[in-house]
Structure formats: structure tokens, C-alpha cells
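Shown below, as C-alpha cells, is a lone chain in the form predicted alone; questions about how it binds or moves come after it.
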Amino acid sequence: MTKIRKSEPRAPLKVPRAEHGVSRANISRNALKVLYRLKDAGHQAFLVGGGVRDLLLGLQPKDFDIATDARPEQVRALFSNGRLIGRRFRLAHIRFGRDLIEVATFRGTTPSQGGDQEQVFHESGRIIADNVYGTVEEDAWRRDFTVNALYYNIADFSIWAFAGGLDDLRARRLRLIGDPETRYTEDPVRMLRAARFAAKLDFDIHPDAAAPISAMAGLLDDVPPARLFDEFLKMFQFGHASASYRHLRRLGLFRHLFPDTDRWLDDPAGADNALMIERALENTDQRVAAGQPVTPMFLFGVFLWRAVQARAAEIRAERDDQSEAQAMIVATAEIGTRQAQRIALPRRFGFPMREMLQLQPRFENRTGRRAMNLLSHRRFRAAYDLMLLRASVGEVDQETADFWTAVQEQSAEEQRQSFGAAGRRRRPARRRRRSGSAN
């Protein structure tokens, strides 16, 4: 199904260089290279969206996106270090080592005479292809929030503000461009973006933008799981995880991302789990603020822990021959597979998460060689951190948590004594004779 929305181009408010605080000194050198090369080739070139918004707020942007009247093929021809990507939106990625600059052609609403441009809608109203090119005015009215309809013109260093974006920026307000229901239908991820921007910027969501969300949240169920993983990272891995979580819960969005988790959050039996999640999110934000690494594997495990624990108990009740460890293996596979239908956690994170959860029962055993071997397990540290979280809400007794904390600081001999494993040492494994294979 193909249809073209009518455009709503309106003149921007143009703010000259002397009247705004955006300086090239705060813009990535590589972004400036791209802007100037496009300008020198005769094209319009603007820094756009979140980069301009954050600079005006006195923040340092993580990304610098560029919009231009150059077609994707023209952009690619100007940059030997560029490549074209995307089906839904055709974009150019210009890479400078680890630095990536995204360049998008102005989006419009009128297809070309030759029919090589189209805007394709799913029967639900969701846009599934959007490669109609237009003017900067049309492009601005295709953006989601007014505070993202801000353009920095490299030709004269002015700011072009559309749809009252500067007024909303000063009021710290998130307002959608156009009819909210239509915009959410076109792209349901905009509801997540509303929660994320409100959390990141400490902005209020305009009542008109917030009102339809709870009724329309179910549209997220049809969004590709891989795309939702990208949104998960943006919400929970950049220092505003706690605030994002609160907005998602308040707007009724969280249940469509983590349905198994959400079932426990309003259940009195899951009160400890809710507190554990809040503490994990606070810790994640603290780690980001301190410049320490974070991994989505850990938060996924925290979110799913209660559901996995409950399912493992059901399995053991259903089958007498299932050990606790076996039940945990089955439960993590079931819950993890079901969760992947909503958010696609890549294998490099999914398998470690399952191991982290499966190790939890082993912390209850503090004697013998098997208990001692837990210290050298490749997922011990992540599993230990999760166990400490569980202890902080009373799910694990403090004596157990203190034991595993203290034993890590002990010498090898002290550890053998602590575990009661000071007897015969295990012989080293006999080295295998190498074959002639080159593998």
C-alpha cells in the first residue's frame, strides 16, 4: 500500500549566529568536514535534530547527524569512506575510524515524476518505507518532536527553528509535530522516544503527546525485536535508566517490552523484585556517570530473574526428577526465548545472561570442590553481582553474601579451608597429544 501525506511546510524562525550559543568548537571535527564538503559541492548542509538541541541546552552531543539536499548517491560519490544503508530510510554513513557521521537527504511528501520515490504504509498505518525527498521545510515537518526540528546551517552558522521548537526547548517541553495519534501510528517507536527524551533531558511530555500513549502502546508489539533492542540500549545504557524505567511504567509501555517482568511488578509477591530492579537501574546510572562499563546482559537478567525463578519452581513441582539446576536451565531457555519475541537480545549477550541466572542456586552451597570452582567460572562476577542485589532485598541471607564477598579476597590456601576443600588436590589434566590438524 502506497500513499503520500500532504506536506505542511512553513517558514522557519532563523536565529543568526550572534543570537545563539552554538559554537563550531563543540561540534565534532568530522561532522564539520562532512558539512563543509557538502557545502563546497553546492549542497545545503545542516547539523540537525538532537545534536543541535543538546548544544543549545549546554550538553555535549554523543552523535552529530546531518541533513542535506544531496541525494544518497551524491553523498556517496563525495565520500570514499561512506556507504549507503537502510531500506526504510535510505541514509549515508560516513566513517572516520570509530566516528560515524550519519547523512540523510531531506525527506519530503511528493513522489518524483519518474516514480522512483515512494512512501509506503503498512495496512496498520505504520510507515515501512520512506524515501521521498524534498526541501528542508518539508523535512522539518516530517520530524517527530518540535525540539528536534532544529537545524544549524553551516553556510552562515544560523539556527533554523521550525514548529515552535525553540519555545518548547526553553519550556523544557516535548511536543509532537502534527497529530499525535497519526504520528504514533506511523512509527510506534516514537512513544518510546517520548519516554527516553523526557528521561534524558528532564522534560515534560506535553499532555497532547502523552494522552494517546497508553491506548496505543500495543502497536509496539509489531515493531521488529531488533529495532526494540536498539531502543533498549538508548534508554538503559546511557545514564538515564532509572528515569526511563519510571516513564515507561507510567505510560504503560514497559509491559510491551518485558511482559513477563511486568506481570510481577504489580503483584505483592513481586515487591522484592521491583525493588531489586530499581536498585540495579540506579547502579547502572552510577556506573555510566563514573565512566565504568555496563552491559545489557546484566539488566536483562535482572528484569527476567523473577519470571525465571518462578518458572523453575513450577518445573520442579511438575517433575520430581528435575534438580534445581536442571529446572533453571529449562526455565531460562523458555523465558529467554519468549522475551526474544519482544526484544531481540543478541547471542553474545543472551548466552551469558542465561549462565548468570543459572548460577544463582550454586551460591547456596559453600562447601566442597564444586563450590570452590564457582569462583573460577567465567560468569562468576556477573552472577555474584546479581546475588548481591538479591541479598539487598532479603532474597539471599546476608551471611551467604558476606561469605562470597570475603572469600574472593583470600589466598588459595585460605579458600580451600573456607570451602572445606583442603584435602587432596585435583591432578592437572593430562595434556593431549597434538594432531597434525591445522585447526
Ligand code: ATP
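Numbers for residues come from their place in the sequence shown, where the first is 1. All of these numbers come straight from a predicted model, not from anything done at the bench.
The same protein also has a form predicted in complex with the ligand, omitted here; what follows describes it.
Taking the partner from elsewhere, no residue among G252, E278 and R342 has a non-hydrogen atom within 4.5 angstroms of the ligand in the model of the complex. Looking at 25-33, 404-412, 374-382, 49-57, the stretch with residues near the ligand in the model of the complex, meaning non-hydrogen atoms within 4.5 angstroms, turns out to be 49-57. For the candidate set H206, R71, R246, K200, a heavy atom within 4.5 Å of the ligand in the model of the complex is found for exactly one residue, namely K200. For the candidate set R366, R287, R190, H93, a heavy atom within 4.5 Å of the ligand in the model of the complex is found for exactly one residue, namely R190.
Among residues of the shown chain, K62 is one whose heavy atoms approach the ligand to within 4.5 Å in the model of the complex. In the model of the complex, the ligand sits within 4.5 Å of a heavy atom belonging to D144. The ligand in the model of the complex is approached by R196, whose closest heavy atom lies within 4.5 angstroms of it. Interface membership of R316, defined by any non-hydrogen atom within 4.5 Å of the ligand in the model of the complex, is ruled out.
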